[in-house]
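There is one chain below, alone, in structure tokens, taken in the form predicted on its own.
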């Protein structure tokens, strides 16, 4: 029996990337990062409740250059996920589906999330006296 040739579902390589496509993928990815980051936050809180040695170990890990970059990524994920969630909330109310509006709001979320994360980072450096 011969099998009929069925069309193959398009893959990401077939589609032309757009800001709405990227924001959808990043929203899911930032949710995963937030899940992993929550484990790091729990580690920090448990260490603080356990002993000075455990707390110092966590502080050394998160205070290193790599740890600070990871925390900066966590903060950006938190800010981006929240802002894009507000964008989705507006969509749930039935607004912002026009192509130009959806593209504009996507770019707005990207830019605002990076600016907000930079402002948070600078604020933290100022509060620590490092800047």
Partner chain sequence: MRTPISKVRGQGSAKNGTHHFWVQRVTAVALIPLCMWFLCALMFHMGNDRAEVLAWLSQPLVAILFILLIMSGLYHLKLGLQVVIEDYVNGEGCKLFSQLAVTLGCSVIAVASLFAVLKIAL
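Numbering follows the first chain given and starts at 1. These numbers come from a predicted model, not from an experiment.
Only in words, not in the display: the form predicted in complex with the partner chain, which the text now covers.
- Checked against the partner chain in the model of the complex, the residues 57, 42, 66, 99 give one hit for a heavy atom within 4.5 Å, which is 42.
- In the model of the complex, no heavy atom of residue 18 sits within 4.5 Å of the partner chain.
- Proximity of residue 71 to the partner chain in the model of the complex falls within the 4.5 Å heavy atom cutoff.
- Interface membership of residue 103, defined by any non-hydrogen atom within 4.5 Å of the partner chain in the model of the complex, is ruled out.
- Proximity of residue 79 to the partner chain in the model of the complex: non-hydrogen atoms within 4.5 Å are present.
- Shown here without the partner chain, the chain has 28, 31, 32 in 16-33 lying with a heavy atom within 4.5 Å of that partner in the model of the complex.
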